[in-house]
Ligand SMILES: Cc1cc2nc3c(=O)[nH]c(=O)nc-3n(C[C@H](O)[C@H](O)[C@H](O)COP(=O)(O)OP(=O)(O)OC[C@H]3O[C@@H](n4cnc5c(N)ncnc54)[C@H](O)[C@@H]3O)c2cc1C
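First, one chain by itself: the form predicted on its own, in structure tokens.
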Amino acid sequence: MSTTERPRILVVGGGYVGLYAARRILKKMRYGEATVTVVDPRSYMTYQPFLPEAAAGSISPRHVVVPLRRVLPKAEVLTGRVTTIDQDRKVATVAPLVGEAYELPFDYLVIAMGAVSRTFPIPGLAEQGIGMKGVEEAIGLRNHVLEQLDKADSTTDEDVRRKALTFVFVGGGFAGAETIGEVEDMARDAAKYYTSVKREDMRFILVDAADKILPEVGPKLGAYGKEHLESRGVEIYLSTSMDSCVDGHVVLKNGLEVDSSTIVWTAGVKPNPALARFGLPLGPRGHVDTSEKLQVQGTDYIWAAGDNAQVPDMVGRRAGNPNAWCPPNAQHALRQAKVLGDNVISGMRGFPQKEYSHANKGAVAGLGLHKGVAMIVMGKVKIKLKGRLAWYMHRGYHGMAMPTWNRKIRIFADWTLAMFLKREVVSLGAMETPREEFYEAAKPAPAPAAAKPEGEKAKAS
């Protein structure tokens, strides 16, 4: 970390908003005007819409992350967490990966911490659940699912086999529907290489407390998505929830009970709970309360955007809805980040700031290879697509939204190669404990049992 006489713009979080806001600020800033410091526990940004495809092996996991230091060469990138913010002194406390925490002074602050999985106190969930918020979880899910097929193929215990081949997904929004669609596709492909595992032996279950799935694309496309998944053998239980999953024994509110080794939790997100320690004004659900200019209410040097912010939806409000808020999705995060970056520069120079206003352009979702739904909004016209064309729209939109040409090219190269090469179905589960085999080989051999004296041998006999 460098010390500087220049004003410091501190960006807390290196996700979509943090990365794009920092890039925008660096682009608009004059040489030597300020120091931009980005603090995040990870040294990379994850493009979350591609996590289902990474879990299914359609994209290399390294290609869905963007290294912060490469993309922000003129910024200070610190790997750690901001634990507290003292607004009176304008000082943040940073806890690095190793070593003692230290104080970091700032002049301007950007809150871009994103969201975390929204969970409930369900017995067994913490021990059994797998999230889908990070690339590590996507890799872990892929390895785990393929390991279950290995187990089922090699065991003679019918209960173990049934538990291994039962996959439960909780949450029917974009993350849940896309993940179960991609994973089912992968498992169907993988089953071709096993002698005693067929797709008919597997059980995929999708559970949601709402009365529909994919609400983001509207009721008609959501109903199509449900019918499509059911046609592939996915059991969908709506208006129900999971009561417990202790030791993999899943109990649903509707009375269904199954044993499963795979429980994937995608039932929504909530703002990062660390926000509660920053002394910022928060909305009813824990989001940072911002104005239409993305400035935190009651401050003139703090901005926030993305999943951790409560941003007024000016398009909806002008249409007569005074309680319209921007939904937490990549479409808004990208555009908010650019406006936020411009407003930080304007605020630093004492110029007027502009409000954030963006009309919804629609939504796209992939449900496996060549399958998807898309709703494109063009003015007052909504174009609804399904099947292969919607899947092309999904890939095209997210492929172009992926930050940096380096990653765009790698993603499109992955897709192009997949047209000619078969999907990889290799489980690398040992990656999670890479030292285990070496430890077994290197640990000292147990000492031999001490020989008994002759007299004791005689007594023993």
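Every value quoted in this text rests on a predicted model; they were computed, and no experiment measured them. A residue's number is simply how far along the shown sequence it sits, counting from 1.
The same protein also exists as the form predicted in complex with the named molecule; that form is not shown, yet it is the one meant from here on.
From the list 140 to 148, 224 to 232, 169 to 177, 286 to 294, the contact stretch for the named molecule in the model of the complex under a 4.5 Å heavy atom rule is 169 to 177. The partner is absent here, but in the model of the complex a heavy atom of V39, alone among M393, M402, A56, V39, sits within 4.5 Å of the named molecule. The single contact residue among V71, I85, V77, M132, judged by any heavy atom lying within 4.5 Å of the named molecule in the model of the complex, is M132. Taking the partner from the other structure, the named molecule in the model of the complex has a heavy atom within 4.5 Å of a heavy atom of V364. By the criterion of a heavy atom within 4.5 Å, R81 is counted among the residues contacting the named molecule in the model of the complex. Shown alone here, K28 lies farther than 4.5 Å from the named molecule in the model of the complex, counting heavy atoms only. Taking non-hydrogen atoms only, V12 approaches the named molecule to within 4.5 angstroms in the model of the complex.
Taking the named molecule as it sits in the model of the complex, the stretch 326 to 347 comes within 4.5 angstroms of it through a non-hydrogen atom at P328, N329, A330, Q331, A333.
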